[in-house]
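Single chain ahead, written as structure tokens, the form predicted alone.
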């Protein structure tokens, strides 16, 4: 499988697309969302304003501007409410929708953060299991080769991905 896990800064990844764990307004925020907006520059915010928002579980794509990626795929993960509001289905949809866009745009690589694992409070191990399952399913069905990179802010999160992927 063409999957890599690393600890680092997603805003410096030279990939086809980096995924932004955005809020529904798409107008920037904290965490990875804020870092992506700051690095990309004001043109990203202007393009996001034109889109007008994105519902939870969906994804949309913009140019990457000053980022080393070609595109930014924005997705809105669910806020954790204990699991009774289809948070798992919404999180799975985030990955599925991002991967569909990557396929539609013919991207050869995509970098994901840990969607919903920051202030949205999704339990980390459960979120990682969903992410890895979605990516593995996509890779078995995709006719083109695409590299998937899980870029983690903290080593503990990278360890969860490596364990789920049976990587050392």
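Residue numbers count along the first chain shown, from 1. Please read these numbers as outputs of a predicted model, since none were measured by experiment.
There is another form of this protein, the form predicted together with a small molecule, and it is not shown here; the text below is about that form.
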Inset, instruction - Check each of 33, 103, 70, 47 and return the one that places a heavy atom within 4.5 angstroms of the small molecule in the predicted complex. - result: 33
Inset, instruction - Could you work out which of 64, 110, 132, 117 is the residue within 4.5 angstroms of the small molecule in the predicted complex, going by heavy atoms? - result: 117
Inset, instruction - Go through 33-41, 95-103, 137-145, 55-63 and give me the stretch that gets within 4.5 Å of the small molecule in the predicted complex, heavy atoms only. - result: 33-41
Inset, instruction - Mark residue 9 yes when one of its heavy atoms lies within 4.5 Å of a heavy atom of the small molecule in the predicted complex, and no otherwise. - result: yes
Legend entry - 4.5 Å heavy atom contact, residue 157 and the small molecule in the predicted complex: yes
Inset, instruction - Report whether the minimum heavy atom distance between residue 22 and the small molecule in the predicted complex is within 4.5 Å. - result: yes
Inset, instruction - Determine whether any heavy atom of residue 151 comes within 4.5 Å of a heavy atom of the small molecule in the predicted complex, and answer yes or no. - result: yes
